[in-house]
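Starting off, we have a lone chain in the form predicted alone, written out as structure tokens.
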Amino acid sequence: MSNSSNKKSKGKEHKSKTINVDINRDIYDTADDHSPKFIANPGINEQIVRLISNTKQEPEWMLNIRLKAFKLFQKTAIPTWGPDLSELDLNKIIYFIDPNATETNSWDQVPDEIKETFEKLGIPEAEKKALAGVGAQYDSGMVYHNLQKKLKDQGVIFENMDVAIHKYPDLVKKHFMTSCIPVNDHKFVMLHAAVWSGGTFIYIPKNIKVDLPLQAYFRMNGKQGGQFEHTLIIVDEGAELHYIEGCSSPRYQQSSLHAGCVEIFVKEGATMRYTSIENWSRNVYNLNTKRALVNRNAKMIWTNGNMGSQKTMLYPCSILIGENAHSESLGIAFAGNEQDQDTGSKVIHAASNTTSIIKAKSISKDGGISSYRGLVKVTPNAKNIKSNVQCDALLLDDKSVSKTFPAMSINSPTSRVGHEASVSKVSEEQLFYLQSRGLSEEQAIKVIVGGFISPIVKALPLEYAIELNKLIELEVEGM
């Protein structure tokens, strides 16, 4: 638990009674020697929900949100569209694992076992080179958070979400799972609202432009674990921010669950760029929800790379609520053996003169399934809308599958909306041409794949473009 979490909220503080829960340490098995401080038994019930809130000393209003969401979760069925989730046993997931580390802004004070994991991922090195601030979460808790002093002096807030509830209760309460992603949105949002832990809170004041990105990295390390971080970002009028999120986990035989939530508020004239590279292991169900409310003359840009997880359902959404708002979504998904990547993007044009671009690419190999599932919706009161959707799929063999599920709901006659979709295979002619110039077959395939994903890679900062290229190459090689 953060050393800041004992600070009292400015609002009314809820003193919940201590909940006694049996702790089963035998089921925890990590890729290193780090021993957790606190592990709840597998399964979800009201006792676990209260335990999480009590452990974090949350105010009463947050506990009420959790309990409301849990009741909704109990009544709601698992979605039957998209990837088959019938093998996901929610009663075997561990919903709270305390990493036994006090949050710090000094990398030297992070426990050695955890620090070693993040150093292998290059987190401290990235902070030194090209970042204005970094947060790192290990299982259910944040272990590190740091922000450049000059940004603090300008009023920028970059905090652990658990800490932000206590330090900025009014700002959090106004935005947390209200107008952007309500707690009754769908079953896994309900689950998230009930058991969320950790995550990132960012506030960028009016007209402040953050030149270097802020980054958070989320490591799910426990066997049978669930990670439910909450990201809440507010970019005030005329401000600019680039936020980068990375995710990973070791591989176990048992299934794990990631059901994070990202809420972004882009105020008038602001620009927000959100970049995410999710490289979960093959035992993870990645059921993430990301959404932004975009105001007048504001811009929202999503860039996503999705690979690794067994099943993915992820559709970043922009709701354009102000005139001249703009949204872009660039995404790449890779599906290998026994993987089902169901990804896409959604945009809702709720104001006039708004524009959007969606570019989605997928690669399938060794029988993997890649699906594009998207939505463009124009409300009746929105005039002069422009939107373009482009979906491209690349199949690397005859066993793999590509699917497209585009949805268009256009309720305004002045709209101009286009959709293009293409599916291609690596042909013998392409391989022959490249091999005739001295490349091996493996090298030739890498060149073809590299050209295919180049529009997405070009949208990333250099270091992250290199990382994504390496991850794709490893997948293509079948490693």
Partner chain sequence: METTKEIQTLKIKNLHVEVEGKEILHGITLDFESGNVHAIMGPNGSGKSTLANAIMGHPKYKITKGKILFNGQDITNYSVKERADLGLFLSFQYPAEVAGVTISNFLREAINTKREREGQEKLSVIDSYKLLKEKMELLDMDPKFRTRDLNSGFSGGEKKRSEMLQLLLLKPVFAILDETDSGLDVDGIKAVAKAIHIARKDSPMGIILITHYEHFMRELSPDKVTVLCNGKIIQQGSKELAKKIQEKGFNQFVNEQSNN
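Positions refer to the first chain, counted from 1. Every value quoted in this text rests on a predicted model; they were computed, and no experiment measured them.
Although not depicted, the form predicted in complex with the partner chain is the subject of the following passage.
Participant: Within 4.5 Å of the partner chain in the model of the complex, heavy atoms considered, which of Leu434, Val426, Ile410, Ile44?
Facilitator: The residue in contact is Leu434.
Participant: I need to confirm a contact call. Of Asn64, Thr414, Ser422, Gln430, which residue comes within 4.5 Å of the partner chain in the model of the complex, counting heavy atoms only?
Facilitator: Selected option: Gln430.
Participant: Sort through 414 to 422, 434 to 442, 64 to 72, 48 to 56 and report the only stretch with a non-hydrogen atom within 4.5 Å of the partner chain in the model of the complex.
Facilitator: The contacting stretch here is 434 to 442.
Participant: In the model of the complex, which residues of 439 to 454 put a heavy atom within 4.5 Å of the partner chain?
Facilitator: Leu439, Ser440, Gln443, Val447, Ile448, Gly451, Phe452, Ser454, in sequence order.
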